[in-house]
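A single chain comes next, written as structure tokens; it is the form predicted on its own.
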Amino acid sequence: MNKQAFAKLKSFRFTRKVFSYPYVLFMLIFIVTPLFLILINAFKVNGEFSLGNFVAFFKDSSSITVLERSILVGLFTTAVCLLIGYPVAYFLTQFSSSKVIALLFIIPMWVNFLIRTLSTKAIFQILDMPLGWSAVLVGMVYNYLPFMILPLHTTLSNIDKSYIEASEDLGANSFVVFLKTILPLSVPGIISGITMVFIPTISTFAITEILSNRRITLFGDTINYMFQSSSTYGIGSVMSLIMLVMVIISNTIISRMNKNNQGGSAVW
């Protein structure tokens, strides 16, 4: 080892930037490279640059129908998770041991979602209930409900109690305190919960496949089927890009909503 290399090695220091190198390498190999390959395959037909894969996708009315169905399922799942998750999260904050109780709702997140889905299927079979849309929607809500409760519980727990006390001192009853104080202050948690539920819901595939015995297909299922055949790999890449665009648009809209809420007054 020459003196110059030894001097560089000696001057090396473990900074925050150094610790980011493994993550950057991981991101390049497992995120950027696959996205780049999908982009190339989306515009490649028989080894040549072409828009044929895009034309084939948009000409297929069934693919558009599946996309619309996936969005509707995502909206329904998000709405139900919010309607169930908000009261549960609010109720949990009323206990001193709310963090321990909330842990019981979060524990299912530690189990692989495939095992959770198979368990849901087993319950439907034990109850002799048919597998189909009802089972799929129940499975969606069951799998993603903890992702709604967690951010809501965190946000509601961190609300400054002085705002609530001030509202009560001004003569507001419990309903008005909730409507005028608690609900506006919990909007960041609502937005975070919507993000964590809606975005993965529209791209899921295993839940519908298992809980409908492959009778119901969503956009994620179709992408999975397309990638299983080399002849439809390009169309699958196009669908993956469309899904990526949808995720980016959803994140952008939700981020702007969050910024507007933070920029405004938290209490009406």
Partner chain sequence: MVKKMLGKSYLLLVLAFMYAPIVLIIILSFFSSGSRFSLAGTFTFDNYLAIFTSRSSPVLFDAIKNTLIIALVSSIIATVMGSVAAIGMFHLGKRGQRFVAGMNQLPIINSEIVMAVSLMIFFVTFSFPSGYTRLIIGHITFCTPYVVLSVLPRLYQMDPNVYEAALDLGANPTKALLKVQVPMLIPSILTGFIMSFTISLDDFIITQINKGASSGINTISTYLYEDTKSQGFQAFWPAIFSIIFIVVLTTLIMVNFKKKTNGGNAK
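What you are looking at is a predicted structure, and each value in this text was computed from that prediction instead of being measured. Residue numbers count along the first chain shown, from 1.
The next section is about a form of this same protein that is not shown, the form predicted together with the partner chain.
The candidate site formed by F76, W133 and V176 is entirely out of contact with the partner chain in the model of the complex, as no residue has a non-hydrogen atom within 4.5 angstroms of it. In the model of the complex, the partner chain stays beyond 4.5 Å of every heavy atom belonging to S62. Within 4.5 Å of some heavy atom of the partner chain in the model of the complex lies at least one heavy atom of F205. Put simply, L145 is close to the partner chain in the model of the complex: some heavy atom of it is within 4.5 Å.
Put simply, M243 is close to the partner chain in the model of the complex: some heavy atom of it is within 4.5 Å.
Heavy atoms within 4.5 Å of the partner chain in the model of the complex are found in exactly one of 155 to 163, 105 to 113, 183 to 191, 68 to 76, that being 105 to 113. Residues from 213 to 243 that approach the partner chain in the model of the complex with a non-hydrogen atom closer than or equal to 4.5 Å are R214, G220, I223, N224, F227, Y233, S237, S240, M243, in the order they occur in the chain.
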